[in-house]
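Below sits a lone chain in structure tokens, taken as the form predicted alone.
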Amino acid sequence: MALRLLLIGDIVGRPGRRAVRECLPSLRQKYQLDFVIANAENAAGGNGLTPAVAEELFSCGIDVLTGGNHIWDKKEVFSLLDAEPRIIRPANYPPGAPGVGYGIFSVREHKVAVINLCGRVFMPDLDCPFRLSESLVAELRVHTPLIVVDFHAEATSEKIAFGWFLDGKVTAVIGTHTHVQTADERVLPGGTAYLTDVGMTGPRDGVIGVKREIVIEKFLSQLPRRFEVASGPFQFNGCVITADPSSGKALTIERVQIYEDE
């Protein structure tokens, strides 16, 4: 039987957590999900992750939480990353950074590997994700052909190039970070499911999760402003991937969009 995996777009603050709590049970039933991954670098107050928020998300049925450049924004996460193997941060941070950048998890009688990497275009200057992914994939394929990559990056060109680079080597390359879902989902010729950005799970009527009035004023004034998570109805963005557990190849990829007021 094919495995069904859900990847949830960047969870932003309390509205994003409420969206997960309200939407995930019906999605699990509709798609008969086997495994759920979510990017949670903005899940606590719009920036970072705390132990309490992580536990809340796990209690909703999420199996693995990934991160990005904002994973470090709450000081509590440093010890959390070392203590909780279900939370992974980008693997291309320098040696000595808390936590790990990948993990292997049991799903039915199979194992699924999850890798988290950051891009470098318009992002912090980290180790090369292309070169590092080669060695990580080679290491993980000894244990399982089912490998999912959360590529947390800004530039669409870097994400697309990375998808082609790993085509046929991993089950899926799913982009995160921009909070705007793209419409280019496809299974590449080598059997890798690809989506440039899976989107955001959080407040629909802000600007990528932030109160729109604050962002507009910042653009007008060009002065620093403290960002606050927007309120109002939520949106839930994600994608569902079906994969052949014996080969690790993706069979289908489908975007998920749920809006609270529709």
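Position 1 is the first residue in the sequence shown; the rest follow in order. Keep in mind that this is a model prediction, so the values were computed, not measured.
What comes next is about the form predicted together with a further copy of the same chain, which is not displayed.
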> Is Ser157 close to a further copy of the same chain in the predicted bound form, meaning a heavy atom pair under 4.5 Å apart or at it?
Replying inline: yes
> Taking heavy atoms only, is Leu33 within 4.5 angstroms of a further copy of the same chain in the predicted bound form?
Replying inline: no
>> I'd like to check something about Asp125: if you look in the predicted bound form, is any of its heavy atoms closer than or equal to 4.5 Å to a heavy atom of a further copy of the same chain?
In response: yes
> Taking heavy atoms and a 4.5 Å cut-off, does Arg108 contact a further copy of the same chain in the predicted bound form?
Replying inline: no
> Thinking of a further copy of the same chain in the predicted bound form, which stretch from 57 to 65, 23 to 31, 204 to 212, 36 to 44 has heavy atoms inside 4.5 Å of it?
Replying inline: 204 to 212
> If we check a further copy of the same chain in the predicted bound form, which of the residues in 191 to 225 reach within 4.5 angstroms of it by a non-hydrogen atom?
Replying inline: Thr196, Arg204, Asp205, Gly206, Val207, Ile208, Arg212, Val215, Ile216, Phe219, Leu220, Ser221, Gln222, Leu223, Pro224
